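One chain follows as structure tokens, the form predicted on its own.
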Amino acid sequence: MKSCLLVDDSRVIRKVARQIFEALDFACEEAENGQMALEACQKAMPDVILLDWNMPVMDGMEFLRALRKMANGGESVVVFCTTENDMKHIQDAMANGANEYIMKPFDADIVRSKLIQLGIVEG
């Protein structure tokens, strides 16, 4: 079973994302900020990370930079999931190691189509 780390300071977003990923047969863990997410990755590197940008303690970009510096931090597929939709944010995310980008609000079809594009789930 593939694993997913859901990183968002919103409990509602994590709950919705968990339902979507569990329906796609992922085992899910949750983190409410980037620092908690880093700690989770140090214990077990997930296959996929759904990552919010704007969070307290450590934001998504800080987390992404720290993740990619970890010994096995390049293994996870990182999908930014945020309300930040200008091209500069998207370019910054991709330049810092994000694999894909989806906008809030999202639904199961959007998540599934991105995971198919990334080769994580079957079409």
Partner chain sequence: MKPEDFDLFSSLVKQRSGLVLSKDKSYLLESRLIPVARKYNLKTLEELAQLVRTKRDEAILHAITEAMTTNESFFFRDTKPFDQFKKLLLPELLRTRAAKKQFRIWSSASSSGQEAYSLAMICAEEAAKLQGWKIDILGTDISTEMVERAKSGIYSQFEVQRGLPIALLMKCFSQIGTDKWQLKEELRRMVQYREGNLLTDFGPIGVFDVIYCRNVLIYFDQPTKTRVLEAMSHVLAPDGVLFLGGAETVLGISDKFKPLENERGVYVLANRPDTGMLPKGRGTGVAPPVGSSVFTGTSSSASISA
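Numbering follows the first chain given and starts at 1. For clarity, every value in this text was computed on a predicted model and none was experimentally measured.
FYI, the form predicted together with the partner chain isn't displayed, but the following is about it.
Here the marked residues I13, E32 and E39 all miss the partner chain in the predicted bound form; none has a heavy atom within 4.5 angstroms. Residue contact check for M87: one or more of its heavy atoms lie within 4.5 Å of the partner chain in the predicted bound form. A23 falls outside the set of residues with a heavy atom inside 4.5 Å of the partner chain in the predicted bound form. Put simply, R18 is far from the partner chain in the predicted bound form: not one heavy atom of it is within 4.5 Å. At the 4.5 Å threshold, heavy atoms of M94 reach the partner chain in the predicted bound form. Residues placing heavy atoms within 4.5 Å of the partner chain in the predicted bound form fall in a single listed stretch, namely 78 to 86, out of 78 to 86, 53 to 61, 40 to 48, 24 to 32.
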